[in-house]
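Single chain ahead, by itself, as C-alpha cells, in the form predicted on its own.
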C-alpha cells in the first residue's frame, strides 16, 4: 500500500498543525484588526456554481462528481462563489456594507509547482456594498499588515495592480465584441503561462483575429500609468480609479508596496475593475495572493448586483516564501506538566493529581505505563513540558508530590492543594 497522501494533498502531523495554527492565527488577528467577521460554507457545492464562463481554467480544474441522487457537485476550488450564494440567500435582510473573511480548504486539479498544490487553505477577505476604491485600499492595507506581521516587507514582496476597464477600452478599440470581453481577458491572462501560439489558436476559435494578442501586448509594454492614460484617455474611469487607489495607498502608508502593471488581468471572468496580485520580488514563486473588484458577480447567479471586491492568499505559497527567507518560527510543543507514578501502587493517586491540575486549566500528560524515572524525565523533555510532577511512596504518604521545574532544575515537595 502506498502510504503517501493523494498527489497534490498533504498530511498534517502535529508539528505541521502547530505551524498552521500560527499562520491562521495571524490571518484571524489581522481580520480582527480590520473588523472582518468570520464565516464558512460547505466544502462540497453545486458544480454549476463554478461553471459561469467557458474558458476559465477553474472549470477544467474542478474535482467534480455526482452524488447518489445524480446531483452534479464539486469540491470548492475557490470561496467567492459560495460567499456570493450566501449573500444572495440573505438578500435585502443583509445590512450593507459587510466585511467578511474565511480560511477555507480549496481543491483544484491543476499542474503543481512549488507552493501550489491541488488542495490548499486560503485566507479570503471580501467587502460587499462599497462602490469606491476605498474598499480596495482597505483590503490592501490588511494584506500588507499581514505581510509585516510575519516579517516580510516591500523589499521582499510587491503588489502589481491594474484595472480591467483599461483592457476593456483597448479591446473595444480593437473591435472585440463585448460578449467576448471576459473570454479574451482569460486568454490574455494565459499569455505568461502557455505558448503564444496556443493562445492565438484559442482567439481564432472565438472568431477573432489572432493578431489581436500582438496589439494587446503593445498596451502591456507600458510600464507607467501615465503612458497608458495617453492611449485610453486621461479621464478614463479605470485610470482615475487607479490614481485614487495610489493616493489612498499613500495615506494608508503602503504605497511603496504597489507597482502598476498593465499586463495584469487575473484569470477569473467575474472581475470588473481593479485587480491586484502580490508577488515574490525574488521571482522564485508564482503569485502569492490575488484579488480585485467583482461588481457583477451576483447577477450571474440570477440576483441583483452589489458592488464587491476581495482577495485570497494561499497557505502553501506563503509558507514557501517564509521558508526561503528564514522567517518560519520554531514552534515546539507546549505542555505544562507530566505526571508520573514512581510505583504502580500510586497509579490511582497519579490520576487524582492529573485531574486536579487539569481542573486548574493546565495541560497534563499522565504516564499510563510502568516506566523508570529516567525515562519519565526524557519523555517530559521531549514533549516540551515545564514541570515533571512525580509521586513517590514516602512523599505521597505525607500528602505531598515532588515537582521538578524543567526550565530551572529546581525541585521541591509540594502539598497537593498547593499545586
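Bear in mind the structure is a predicted one, so any value in this text is a computation, not a measurement. Numbering follows the first chain given and starts at 1.
The following text describes the form predicted in complex with ligand HAM, which does not appear among the structures shown.
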Per contact check vs ligand HAM in the model of the complex (non-hydrogen atom within 4.5 angstroms), the hit among 212-220, 160-168, 299-307, 78-86 is 78-86
- request: Look up in the model of the complex whether residue 270 has a non-hydrogen atom within 4.5 angstroms of ligand HAM, and give yes or no.
  value: yes
Q.
Even though the partner isn't displayed, in the model of the complex is residue 191 close enough to ligand HAM, meaning a heavy atom within 4.5 Å?
A. no
Answer with yes or no whether residue 287 is in contact with ligand HAM in the model of the complex, where contact means some heavy atom within 4.5 Å.
yes
At the 4.5 Å heavy atom threshold, is residue 291 in contact with ligand HAM in the model of the complex? yes
Would 132, 243 and 295 all count as contacting ligand HAM in the model of the complex, using a 4.5 Å heavy atom cut-off? no
The one residue among 122, 263, 183, 145 placing a heavy atom within 4.5 Å of ligand HAM in the model of the complex is 122
Answer key, ligand HAM contact in the model of the complex at 4.5 Å (heavy atoms) among 110, 256, 172, 333: the residue is 110
Taking ligand HAM in the model of the complex and a 4.5 Å non-hydrogen atom cutoff, the residues of 102-118 making contact are 108, 110, 115, 116, 117
